[in-house]
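Here's a solo chain for you in structure tokens, the form predicted on its own.
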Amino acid sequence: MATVEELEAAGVRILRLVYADLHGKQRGKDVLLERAGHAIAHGKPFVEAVMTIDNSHNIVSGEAEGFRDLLAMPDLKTARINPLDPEVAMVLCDLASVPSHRPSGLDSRGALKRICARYAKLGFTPVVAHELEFYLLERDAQAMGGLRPLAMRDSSVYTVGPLADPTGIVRAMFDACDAFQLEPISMAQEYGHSQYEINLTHGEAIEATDRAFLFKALVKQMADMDGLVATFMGMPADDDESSGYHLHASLLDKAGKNVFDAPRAQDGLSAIAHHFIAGVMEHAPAMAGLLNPTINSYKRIINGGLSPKFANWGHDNRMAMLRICEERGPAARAEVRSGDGAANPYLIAATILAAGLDGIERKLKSPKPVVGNFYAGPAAAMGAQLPTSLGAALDALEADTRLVKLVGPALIETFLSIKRYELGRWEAQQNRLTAWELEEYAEAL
């Protein structure tokens, strides 16, 4: 655990107290270390309505409660010196209500903590690894939205060095992740032009998710400093690949043994693993609202190559929503492939683990695994269709009362309100004249 004295000795002058809003954006305040005693002991107040700000800076709710406070309580053991500014230490915060200091129902990190505590009562520790893809975009006034993928040559997929990273920015990000103790293990260009992936090592769910949250913010900040935009949105280019957010999950018992592994079972998987799979399958439609949280997410699901479209699972099958990786023993794990990079890291972990927990607690039976290219087979074998729009996904989430209760009713209620407001703004745009209409009709008709 970092102490104020240790941070001072390392040259730190400022504590940057940060937390995730419901979008997964980093919010926070800077506090001078020499005057941080009160904030460390009692928390730093924020207006609770910050949790309802949408991506266009609209405050969706808060007036009814009089814009009351919540507290960001620093978790000093998470302190990391910022590699971009060594005088700053980043400290993750838990959110608490005022004046009770009880955990806030709007805290996504708190939601993950609650789920992990439920697993602990069963004698299990969740372990996860976050696998995110992102694009680097450059500004171009003539391009759609003023942005286009960074100019790249063709056929440099899964390459490294100057061919894949001619400016060196991704290498700099990789190095910064290492300096920031985010535990990166590999990097490469992905299939899309200027699409990259930096993999972080697995760890206990809260700690690993903390690293994923800091990773997204670090990558976006470094791109911005270079005049670029790093985006984790699911489908940033019509004519290129989509960006996924894959979460690998397993469970350890009190002795540190992976309880998904069962060497004597026909498929090498334990009953607990199958219950976990069944829970994810049962809640898959509702999970989409949190794993695919934007209008754009569903363009990825409809158009993106390996983006899952059905609730199913398979052994080492990347076309399935849930892939059981081929490794067994300590590395036995489930990879949920339906999320996209726009998801809040804490919510994607909390939601998947909550669904799996429900399957374990209720001893649900997993369906049969899909094999090969199941799209070529009968529709009945594909599994339930996943939502194809944000509106349908939000409705499915609201209707799944069991998942809502596990993740947190107050959090889900607020999440639904800001996302339905976003959806309403999008739908209002559909009545506006588009360039396509003029090009299609003006001269011809």
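So that there is no doubt, residue numbering starts at 1 and follows the sequence shown. As the structure is a prediction and not an experimental result, all values here were calculated from the model.
Here the subject shifts to the form predicted together with a small molecule, a form of this protein not shown in this document.
The chain is drawn here without the small molecule; in the predicted bound form, the stretch among 238-246, 202-210, 252-260, 280-288 whose residues come within 4.5 Å of it by any heavy atom is 238-246.
The contact with the small molecule in the predicted bound form, taken as any heavy atom within 4.5 Å, belongs to R337 out of R333, H274, R109, R337. The listed set V371, L306, I185, L122 contains one residue whose heavy atoms approach the small molecule in the predicted bound form to within 4.5 Å, identified as L306. At the 4.5 Å threshold, heavy atoms of E190 reach the small molecule in the predicted bound form. Although the partner is absent here, R318 is a contact residue: one of its heavy atoms lies within 4.5 angstroms of the small molecule in the predicted bound form. With a 4.5 Å cutoff on heavy atoms, Q195 counts as touching the small molecule in the predicted bound form. Taking the partner from elsewhere, H130 is found to have every heavy atom lying beyond 4.5 Å of the small molecule in the predicted bound form.
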